[in-house]
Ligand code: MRU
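There is one chain below, alone, in structure tokens, taken in the form predicted alone.
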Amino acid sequence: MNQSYRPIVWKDHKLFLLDQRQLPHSEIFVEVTNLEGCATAIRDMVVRGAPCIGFTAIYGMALWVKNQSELTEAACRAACDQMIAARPTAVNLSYEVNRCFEIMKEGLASTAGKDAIYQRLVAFGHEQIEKSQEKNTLMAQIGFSELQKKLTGKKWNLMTHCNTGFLACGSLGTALGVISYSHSKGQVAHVYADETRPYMQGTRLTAFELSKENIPYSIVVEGAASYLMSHDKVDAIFVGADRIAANGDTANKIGTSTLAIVAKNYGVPFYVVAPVSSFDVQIPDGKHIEIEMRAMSEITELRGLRLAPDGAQSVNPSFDVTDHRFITGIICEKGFIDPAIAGDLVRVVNS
């Protein structure tokens, strides 16, 4: 990852977020000083990507503590719940916020002062971003090794959906981290980046990251995936995840499920790459994952320009759930998971 493009910066007791709504044309940082500002930045997609949502929330809880005159456990819980409500599908948000709550409770139980709890939360945010780089590198190495076993004798043509690089993860990246790492080893011939309607994360963000790393790529509409695979132009697909159920069903950006089904039809390996913080082993399958519905205007308008007829309605789920049967493998920092083996995900996560 190019350190010049860190999407989350903590400086002088303030949080600065690279406004990903403005990319790739403008690189503007938004200053955030309180919990409400963090929740709004998450909800409005100033910051996005499951890992970065979680990191932002940690700093948001630190800012909330800093701004309080006194702390009680009940007030801490209410503030945590307010932050969690910003976006419902990405489990990283609740995962990190609930860990913040434990830090708050421990601090209150030990009669630590407000400033000590604040400093601990800030340090916790720093630690998680630092650990993210290590975890993502491990995942990239596992993914690279998997491809070396499956694809021999040539450089690889890879495909990805949505955005899973340093903009989404604050470090190397998950799915795009595998691609970036493989490129560094001289093994990537070309990358196909789905444009990712309607928010265009592939066109605006993944293309931005691939350009920064000088990785050869083409942007394609989601509808082109079948054409590319039927003409043997895609050797493997890597995507990220916002929540993974115990059986391996995976919630990710809308369009992922369709891509996985098409890949299964053409025999193209389809991999999900995500840290353990994206796993929700408390739910048995994808039917229990809440799907965020976003504004109709994201489909009917483009940056304020009306595309659809006046009064047109739209349905805008932000995520879909990919059935584990269509996933070749799930890669996390603890290893490789075979969704076809019952219980393999829980076994790896608990190892």
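One rule holds for the numbers: they count along the sequence shown, beginning at 1. Just so it is clear, the structure is predicted and the values come from calculations on it, not from any experiment.
Only in words, not in the display: the form predicted in complex with this ligand, which the text now covers.
The listed set 100, 191, 259, 169 contains one residue whose heavy atoms approach this ligand in the predicted complex to within 4.5 Å, identified as 169. The contact residue chosen from 63, 39, 289, 53 relative to this ligand in the predicted complex is 53, the criterion being a non-hydrogen atom within 4.5 angstroms. Looking at 218 to 226, 100 to 108, 239 to 247, 68 to 76, the stretch with residues near this ligand in the predicted complex, meaning non-hydrogen atoms within 4.5 angstroms, turns out to be 239 to 247.
In the predicted complex, residue 135 stays away from this ligand, with no heavy atom inside 4.5 Å. In the predicted complex, at least one heavy atom of residue 162 sits within 4.5 Å of this ligand.
Contact check for residue 183: every heavy atom lies farther than 4.5 Å from this ligand in the predicted complex. Mapping the unseen interface onto this chain, residue 296 falls outside it, with no heavy atom inside 4.5 Å of this ligand in the predicted complex. Three-residue candidate spot 198, 203 and 302; no residue lies within 4.5 angstroms of this ligand in the predicted complex by any non-hydrogen atom.
In the predicted complex, 252, 253 are the residues of 246 to 270 with at least one heavy atom within 4.5 Å of this ligand, listed from first to last.
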